[in-house]
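Coming up, as C-alpha cells: structure 1 and structure 2, two forms of one and the same protein chain.
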Structure 1
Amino acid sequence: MSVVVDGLTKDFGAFRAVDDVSFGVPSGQVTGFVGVNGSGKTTTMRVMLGLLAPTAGSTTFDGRTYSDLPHPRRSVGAVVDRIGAHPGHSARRHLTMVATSAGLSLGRVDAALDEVGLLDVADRPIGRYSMGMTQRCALAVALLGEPETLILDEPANGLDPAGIRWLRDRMRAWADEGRAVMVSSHQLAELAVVVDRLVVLRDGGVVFVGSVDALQSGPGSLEDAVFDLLVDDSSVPVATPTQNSTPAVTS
C-alpha cells in the first residue's frame, strides 16, 4: 500500500500550519519526516489520518482516503501525539477496546503487547506508566491490525536504548516485508541509519522530498545535510506564526 499526500493545507483560524504539502510514502521503504518544533509534522499526520479536516488537499492510501478504507486499522497503523486512553485503563483494556472498536481479533491484544515488551505490566493503569512504557503501548496499538502502512509520530520518544534499537530493526523489517513506513523524528543521526527517503518540512511547507542518497550527495553526514535544510542561522529555530514566511491566506 502506498500513500500519496497531495496539496495538503491546514489552517487553524488565520494561521496556516501546513501549506500545500505534497509527497509520497512508497511501500517497501522507510520515509523519514523531519522539521523543527512547530513546523507542521504532527498536523500533517493528523490530517492524513482523518483526525483533522484538511483546509485543502487530500491523502490517499492506494487511492482511497482513510475514511474510505474498508478496514482502516488493518491498512494503517498509527502512533499519534497522545496515547488516547483513559489513564485509569490498563494497556490490556485499552488494546481490547481498540480491537473491539476496529473489529479485530482479541487474540491480537496479547500478541501486540508481547511484541512491544509490555505483557508483564499489561494490567497496570496507563496513567502510571513511564513515558517509554506509554510509548510502547502506543506502538502496540499501531501494530494491532498488522497494518500494511505505518504512520508514526515520534515513536522513539522516551524509549530506552533497547527499545530504540528494537524500533529501528522493526521499521527496517516492516519496510523489507513491503510495508510503507512513515516516521517523524528529531533524532537525525538515529533516523539516518534507517530511512530510505526523507520529507523535510519548514514553516509548514515541504523543502525537500526524495531519497537519502539525493540529499547526501556532497561531503558531510546526512544529519548535517538535513540540519542545513532546517535552519539557516545559528539561533535555535522554533516555527511561530510570525516567523511564517508564507502569509496566511484564508480564502
Structure 2
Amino acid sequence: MSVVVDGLTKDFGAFRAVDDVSFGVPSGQVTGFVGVNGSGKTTTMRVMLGLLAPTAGSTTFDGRTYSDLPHPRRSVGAVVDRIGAHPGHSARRHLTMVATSAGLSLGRVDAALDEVGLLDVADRPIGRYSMGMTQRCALAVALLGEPETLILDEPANGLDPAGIRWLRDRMRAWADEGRAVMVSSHQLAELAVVVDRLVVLRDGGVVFVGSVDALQSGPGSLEDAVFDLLVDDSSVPVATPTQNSTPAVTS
C-alpha cells in the first residue's frame, strides 16, 4: 500500500502544530517517526487517520483518504490512543465487539490475540491487565483486519525488555511480509535496530526524511545523530516534495 502525506498542516487556533509536512511510508519497510515531545508527531498521526481534520494538505492510502477507504480496518491498523475498552470486558470480548462492528471475521479475534501473546489471558478483564498487556491488546485490535499498513504511536510504552524485543521482531516481520509500518518512539536505540528510514520532526515541520544510513553517517550513534539534527539541521539534507507535489521517498 502506498501511503503519501502531502503538505499536511494542522492549526489549533493561532497555534500551528503541524506545518506543511510531507513524506511517504513505503511498503516492506519500517519508517521511524521521531522528534521531541510537542514536535507534532501524534497530531500528524491523528490527522493521517482522520481523527483530526487537516487545516491543509492530505494523507492518502493508495490514493484514498482514510475516510474513503471501503474497509478501513483491512487497510490500516493503528495504535494512537488508549485502547478505549471497558475495564470489565475481557480482551476477547473487546476484540469481538470491534470485529463485529467492522464486519471482520470473528475467527480473527483469537488469531490476533495469539499474535500478540494474549491468548492465554484472553478472558481476563482488561482492567486487570498490566500496562504492557493493555498495549498488546491495542496492537491486537490494530491487527484484526490483517491490514497492509500499521501506524503505531509509541507502541512500546509499558512493555518490559522482553516485550520491547518481541515488538521489534514483530515490526521487522510485518515489514518483511510487505506491510508499510510507521512507528513513533523515543527509544532511538531500539529504532536503530529495526527501522529502514526515518522522518524527523522539529517544531511541527520535517527536518529530515531518508534512510538511517544517510543520517547516521558519522561515528556516533543514531541517538546522537537525531539529537544533533534537532539542535541544528543546517548540515543535513531534507527530502522535499517533487514538482507534482508527491512527497519524495528516500529509501
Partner chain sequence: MSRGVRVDALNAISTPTAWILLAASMVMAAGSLTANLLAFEVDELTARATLQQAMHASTVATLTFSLVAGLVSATSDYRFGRIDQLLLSEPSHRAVVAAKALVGAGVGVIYGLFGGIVAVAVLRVFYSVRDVPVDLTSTVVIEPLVGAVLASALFGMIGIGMGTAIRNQPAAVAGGLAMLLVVQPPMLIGLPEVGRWLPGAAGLSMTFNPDDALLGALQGGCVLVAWTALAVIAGWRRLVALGAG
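Basically, rigid core = biggest C-alpha set you can superpose within 1.5 Å across the two forms. Sequence positions of structure 1, starting at 1, serve as the residue numbers. Remember, it's a predicted structure, so these values are computed and weren't measured experimentally.
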Is the form predicted on its own shown as structure 1 or as structure 2?
2
Tell me, please, whether between the two structures the C-alpha of P87 is shifted by 2 Å or more, with the rigid core used for superposition.
yes
